[in-house]
Structures are given as C-alpha cells and as structure tokens.
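Shown next as structure tokens: one chain only, the form predicted alone.
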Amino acid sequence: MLSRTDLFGAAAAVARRVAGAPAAAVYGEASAATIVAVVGCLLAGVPAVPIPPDSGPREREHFLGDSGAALMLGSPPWDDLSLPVIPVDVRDRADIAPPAPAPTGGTTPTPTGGTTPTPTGGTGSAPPPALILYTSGTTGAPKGVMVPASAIAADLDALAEAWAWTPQDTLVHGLPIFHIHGLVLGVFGPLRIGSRLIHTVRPTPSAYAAAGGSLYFGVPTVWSRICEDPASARALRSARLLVSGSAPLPVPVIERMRELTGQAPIERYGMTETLITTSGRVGVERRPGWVGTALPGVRTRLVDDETGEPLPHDAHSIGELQIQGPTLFGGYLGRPDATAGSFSADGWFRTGDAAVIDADGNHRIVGRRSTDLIKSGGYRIGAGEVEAALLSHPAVREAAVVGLPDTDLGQRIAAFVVTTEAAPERAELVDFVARELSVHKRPREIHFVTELPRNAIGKVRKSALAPPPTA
C-alpha cells in the first residue's frame, strides 16, 4: 500500500532517472511499480508509453520504434529489447512535495516542453503529450495517440461532477493499467480527485466483494461474471456507484445487477482519442443501452454518412458521432495525414462510431460504422440493436452481429451466438428477433460458437468473426 506522499516520492526518484528522454516505455503490468513509473514520467515531462504485458515481439518493436522511447521502465520478462531497462523500486524516494489537491480533488502533474501538430493538421502547436497510447490497429499498424495532460485534467474534472466523485470515495477496479479506462480513469482519477484506490490486480467477483469500496469500475465481462456470483454481487450493495464502459452492457446483465446490488451500473462512452465524452449521471435514471449526455465542455453531433449533413436528435436517425471539446487528443504521433483525416473540414473529430441522440441529448451507440452499421435491403440497421434483442432471449449468453456481403441485399445480418446449456433452434432465434424488432432486422444466419473473440479490455473483435467454411 502506498500513501500519496510515498507515491510521489517514489515517482520523483523515477523522474530524476528519465529526465530529458524523448519518451519512456513502461511495462504495463498491474502493479504499484507501473503506477510509480507513469507518474514519474509525468513529473519529468517525459511522455509515457504503456506497453501491454501480453504484447508480442512485432507489436513491441512497433510501439518502441514508433514512439521513440529511449528506455523501458519496469521489469519485463522479454529478452529481445534493444533499449535500456530501468527497474522501478517503489521504496525509492526523492524529495518532492506531492501536488496539493485542486478544488475538485487532486491534481495531475503536467509535462512541459515540446510541440506537436495541431489535431487538425495545422502548423500551430498543441500541448505536449503526457501519454502515447496505441490504437488497436484494426486498419493498419497501430497509431500512437498523443494524450495531453490538459485533456486528462478536463475529462477527470467533468467526470467528478457527473459521478459526484469526491476525496471521500474509495475506487475499486482490476482493469489493465495500459489503457484509458484503467490508467486515466482508474489511476489518474483518484490522484486528481484525492480519493483512495484499491486495484485488485484481476477484476474477480471475490476481489471486488472483499474490497469494500464506494465506487467500482468494470467492463461488461466483469459485471457479467459478478452476476454469476450472487454472494459477491450482493456485497456491492454498499457501493454508491457502479460504472461500466469499453463496450455496451447487455440488458440482462443490467437487470440482474439491479436485482443483486440494488442499482444498475452507469454507462459512459469514450475512446482513446477523445477520452470519456458522454456519461450517465448520479441521480439520473439509467436507461439500458444509452450512455448519457455530453460532459461539460463537450459538444456532439450526428452526421449522415452519404450527404455529410447533420442529422436530427430524434432518437432514431443513425449517423456518425462527431465530437469537439477539451478532452480531445493532440494528434497521431508522426502521422499528420491520419490526424487531418480524422477531423471534418469544420474541425469536428470523426469517431467512426454510429449513434443516435434523443431530444434531451442522451446518446446511444449503435457501434462502429465499419462493422456495426449494416446496410441491408435498403435499410440501415444497427448491429447493437439486434445484439440486444438476441441477449434478451433466455438461452443466449453472448451475441455479436455483423453484416456479411450479399449479392441481393448488399449485406446480410449474421449473428454469432454463445448459448446456455439449452441451445435453441436457429429458426427460433430468427423469429424471436423478428418479433422483438422488425422483420427486416432479423438475422439471415445464426452461427453457434463456444466463445466470442475479445481483446484485453473485453471488446469483441468482430474482424475475427467468420462463418465456418462450407463443405
């Protein structure tokens, strides 16, 4: 266990060792040493580059080479590194006064020096990055997302207001600390707010139950597993707030969580390039499938794919979600073309996500435009809506829906389903969706699978879904 004073003392010792480096890679295992290393980089004004512990040699080579990291902090087990490795000892100390809490809580150290391209690809300068985080690389080599400290501070202050997050809270989570969710929200959040953090290393139901926190973070897989352990779930009844993110939370899980814990988790939306931009609020009714309203300072709009025109906020029109605000990234490292291409001509960040917004400003994410906006027979269908319908069937445990090329329809709806022990007939599921939604939204194919492919934070990798080969 580290006090705030101990943490900043150990981080100051790291800062002395990395000062002047262009960037520092951090072995991103779930440990106090990782937190000390990242905070030390921030104190030194050196961009931190968290490296996932399960990354392969090719990924590591790209992350390290692309970021320009001059050293690696931590104790990675890899023997193929060509840069110096500096172990981190949380018992080391250097003289430093820990940053005093700001009016909203704590304060995030702000790096100094350096310039980066503006997000719109102009010739001005943007704040230097505090973090360089790599995208999933679904459309090529992963891009380094430069996240400035100013964006982190703006986002955490907005979330503190939305979630009534105070120094009296104890946050509990076991999420990876090399992503936005576990690192920025889950580590920098408590530092800025001044609250206590208990990281459970792994987000198991028993660990969450034993922690005795007031605020819990999880992804849908975490909450689903907690629902399967009723005793652990009931132990969370004393928590004042549960938060879910990184992927949509299935309605059956929401209903079961409400039954076992007395509350439904708040859902929020964001991505590496934007941080968290919309969220449910404390004291506001939680609507399954909706991720709340825009945070203070954030503006959102929907744009038609074909015409580029803004769409109405009528809870039905599906368009690309675009964002402006202080939480945006500083651009893609060394990729001014990709940076410029991610913004509209009038300066809005193009998320690539399909969404609807209602008249009150509430957002529902349909999914990625590239994989989750299905155009079939002249209809525009959100994969998330079909998935939600399937998940409401008692025999369906998990579901992922994609559009497959079709010579007649353009795309046909295909569902990949993990069932309970009592597997239904395919026709039963097709008819069930047709009754719950509309006939044109029914899956044309149902593929039963034992599990859905997921990444480190629980998101389904739809690019890995494919029908079995025909004989």
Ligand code: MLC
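We call the rigid core whatever largest set of C-alpha positions still superposes within 1.5 Å between the two forms. The numbering used is simple: start at 1 and walk along the sequence shown. Quick caveat: nothing in here was measured; it's all calculated off a predicted structure.
The discussion below concerns the form predicted in complex with this ligand, not included here.
- For the three residues A233, G280 and R286, a heavy atom within 4.5 Å of this ligand turns up in the model of the complex in no case.
- Shown alone, this chain has one stretch from 156 to 164, 189 to 197, 299 to 307, 213 to 221 that lies within 4.5 Å of this ligand in the model of the complex by heavy atoms: 213 to 221.
- Of the candidates D406, E59, E445, D431, D431 is the one whose heavy atoms come within 4.5 Å of this ligand in the model of the complex; the others do not.
- Residue I180 is the only one of A151, A264, L390, I180 with a heavy atom lying within 4.5 Å of this ligand in the model of the complex.
- The closest heavy atom approach of R268 to this ligand in the model of the complex falls within 4.5 Å.
- Although the partner is absent from this view, A422 stays clear of this ligand in the model of the complex, with no non-hydrogen atom inside 4.5 angstroms.
- The closest non-hydrogen atom of Y379 lies within 4.5 Å of this ligand in the model of the complex.
- The shortest heavy atom separation between R258 and this ligand in the model of the complex exceeds 4.5 Å.
- Residues are counted as partner-facing when one of their heavy atoms sits within 4.5 Å of this ligand in the model of the complex; in 175 to 209 these are L175, P176, H179, I180, H181, R202, P203, in sequence order.
- Residue displacement note: K441 has its CA displaced by at least 2 Å between the shown form and the other one (rigid core superposed).
- Closer approach of the C-alpha atoms of V222 and I413, by 3 angstroms or more, is seen in the model of the complex than in the present form.
- Between P288 and D431, the C-alpha separation grows by 3 Å or more in the model of the complex, relative to the conformation displayed.
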